[in-house]
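Heads up, the chain below is alone and in the form predicted on its own; it's given as C-alpha cells.
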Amino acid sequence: MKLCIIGGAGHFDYVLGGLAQGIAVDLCAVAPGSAGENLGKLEARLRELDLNPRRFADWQAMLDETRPDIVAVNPHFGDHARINAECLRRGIHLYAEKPLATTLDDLAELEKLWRGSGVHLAAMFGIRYKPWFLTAHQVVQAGAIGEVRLLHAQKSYRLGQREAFYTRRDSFGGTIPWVGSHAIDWLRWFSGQEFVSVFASHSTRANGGHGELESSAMCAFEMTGEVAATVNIDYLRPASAPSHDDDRIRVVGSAGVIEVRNREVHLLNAAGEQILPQLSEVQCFADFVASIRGEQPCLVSAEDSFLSTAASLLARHAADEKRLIRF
C-alpha cells in the first residue's frame, strides 16, 4: 500500500515508527498541510530512518499525482478537518491526528463523509498502546477491580516554547481537544460507558506568553451507569522534570483500584497490593494497517475517534461558556 503524510505538527512519528518496524507500506510522498508550516522535525526523522519520499508543496497535488491508499494527516490542528474531509471524499484510508476537527459542525460533516466512504479511519490516540495502559486496561477488562465506578485521568506536559500556531484558538483548537482528548478517550475505553454530561474550566494564566493557549484545565463527566469521571490537564510541568509528560489514570471499581503512574501499573484488591508486570507495546500505526488488511480490528475504532473528539469539543465549550453541557 502507498502512504502519504500531510503535515508535520503532530504525531507523525507514530507512522514512522511503524515503517521502521518494516510494515509493508511505501511512504511515497510528504507535503505541508498548513500555510507556513515547518516540516523540519519530520524531515529530520526521515533522514534518521533513511527514508526519501517525494516532496510536494501542495498536498492536494500530491494526492492527485500519487493516489495513495493511506494518508496520515497531522498539520496545524485547525486544518485537520478540511484535509480529513478531502481524504474521505477521495476514498483514502485515514490515520488522523486528534482532534479530527476543531468544531462540532466540521466533526459532524466528517462523520457523515466517513459513514458513506467505506474507508478505515483512526485518530492518533497512541497512548492506548503503551505497555502500562494496555496492561491496566486488560486487568480491568478481566474483572480484577470489579465494576468500574469512578475514574480520574491526568495529562501534564512541559510547555517549553511552542510554535506560533499554538497561540491562537483558530489554529490550535484548545488545550482540552489537543492534550485532554487522550485522557478523555481513556474514560470510555476503561469504563465501557458513554458520556452523559460535562462541566469544565480552563485558564490561559501562566502560559509563558503563548497567547490563547490554555495552560490548565479540568473536566468533570457524568457517564452512563452512574459512573463519574474527571480529567485534569496542564502545560505546567517544570522544565526540570525527568520526562516531558506525566500521564496517569486511576480507576476505582467495586472490588479494587488500579492506577497507572510513573509508567507503572499498581493494583489493589482482595489479593493485596502489587505492581504488575506489563504487556509488550503494540505499534499503533502497524495496528491500523493490519485492520485495513482485515487481519484484526484496530484498537482505536472510527467510532472511538469520533466520540472522543466530540466529548473533547463539548468539554471545551463547557469551559468557554462556564456551564454544564449535556450530550
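All values derive from a computational prediction rather than experimental measurement. Throughout, we count residues from 1 along the sequence that is shown.
Keep in mind the form predicted together with another copy of the chain is missing from the figure; the text below concerns it.
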Contact test, all of 115, 188 and 293, partner another copy of the chain in the predicted complex, heavy atom 4.5 Å: no
If we test each of 37, 259, 26, 69 for a heavy atom within 4.5 Å of another copy of the chain in the predicted complex, the one that passes is 259
One residue of 134, 119, 85, 236 in contact with another copy of the chain, assessed in the predicted complex (non-hydrogen atom, 4.5 angstroms): 236
Select, from the options 77-85, 103-111, 121-129, 237-245, the stretch whose residues sit within 4.5 angstroms of another copy of the chain in the predicted complex by heavy atom distance. 237-245
Could you tell me if residue 269 has a non-hydrogen atom within 4.5 Å of another copy of the chain in the predicted complex? yes
Give a yes/no on whether residue 141 approaches another copy of the chain to within 4.5 Å in the predicted complex, heavy atoms considered. no
Does any heavy atom of residue 169 come within 4.5 Å of a heavy atom of another copy of the chain in the predicted complex? no
Looking at the partner-bound form in the predicted complex, is residue 222 within 4.5 Å of another copy of the chain by any heavy atom? yes
Within 4.5 Å of another copy of the chain in the predicted complex, which residues of 293-327 have a heavy atom? Give them in sequence order, or say none. 322, 323, 324, 326
